[in-house]
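To begin, one chain is listed below as structure tokens, in the form predicted alone.
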Amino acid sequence: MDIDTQILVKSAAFVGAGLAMGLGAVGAAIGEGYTAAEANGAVSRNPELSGDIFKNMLVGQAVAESASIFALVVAILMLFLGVPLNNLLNGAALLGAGLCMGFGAVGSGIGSGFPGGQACVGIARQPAVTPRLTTNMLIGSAVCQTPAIFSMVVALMLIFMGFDKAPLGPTWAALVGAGFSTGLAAIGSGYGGGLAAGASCEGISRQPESVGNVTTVMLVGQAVAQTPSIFGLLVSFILLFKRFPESYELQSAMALLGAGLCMGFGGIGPGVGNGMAAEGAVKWVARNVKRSGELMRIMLVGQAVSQSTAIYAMVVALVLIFVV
């Protein structure tokens, strides 16, 4: 049976929408569940504050939900926007958009649940610092959403950019690779940023006077944890905007697809590892504020070493794009 171009592009849109929303629902649900679980523990510790804890839980869950809302928006656009169906590249772009947004929402959804849950526990432990905890939770959770925003940006570019003048081969592989690069790399950064934010809420509840030092170290640690997703975004931009000479040899397409996969998978571990380093530093700054400078220095050195593997992945991805 012959399958025409319109059917293939529509099929790619349907699969892309399913991937965007299906994968996008995973992280937010886990993050929200973690927040609710910690809220239950907090209420059992201090039942008189159940109202404040409940409100904080809902706010934390709302922020964690944002990643899945981004995925919903992308999925709805792919289903109802009416993308031109006369170009197979549009199908590859829609599939790449679904992969990018779906994977990109996982880490941010889970990561945003950590500060929400720890803020609930902290309110039960230190009711007097509830406003500080809520503020810190919102700041930390917002940073966790950054990788999901990167993914949404790339997904929207894949949906709305025109590819009429680009050759089918090997551009189709570049578009799918662009989705993998940002989407997968966002997993580690979103999760790692959540580890640092959760430790920050815990630290403030244990030592309220340390809020300034703790927040500073948290933000610095989260900033470094975001860099693998920035590397993924950079590789995606190159794959999207570089014009590749027409070629229907398999190795040309696989080099571009491999570049996206290399940077995407290569960004997961460094994002998580950087978050672990930040989590440890933030936790102990709250217990020993006088050593905050030394702890931050150790954190940054540790993160730099952990970051090196993401740099290796980016180098190989660039070699696959420009050299092979």
Partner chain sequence: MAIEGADIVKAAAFLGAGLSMGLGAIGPGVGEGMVAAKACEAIGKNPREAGLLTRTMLVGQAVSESTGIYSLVIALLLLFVV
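The structure displayed is predicted, hence computed values, not measured ones. Residue numbers count along the first chain shown, from 1.
From this point on, the text means the form predicted in complex with its partner chain, which you will not see here.
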Quick one: is T309 in contact with its partner chain in the predicted complex, heavy atoms, 4.5 Å cut-off?
yes
Against its partner chain in the predicted complex, would M254 count as a contact residue? Criterion: heavy atoms within 4.5 Å.
yes
Within 4.5 Å, heavy atoms only: does L19 come near its partner chain in the predicted complex?
no
Please determine whether I7 contacts its partner chain in the predicted complex, using a 4.5 Å cut-off between heavy atoms.
no
Looking at 230-238, 243-251, 162-170, 87-95, which one sits within 4.5 Å of its partner chain in the predicted complex if you count heavy atoms only?
243-251
Taking its partner chain in the predicted complex and a 4.5 Å non-hydrogen atom cutoff, the residues of 274-293 making contact are M276, A277, G280, A281, W284, N288, R291
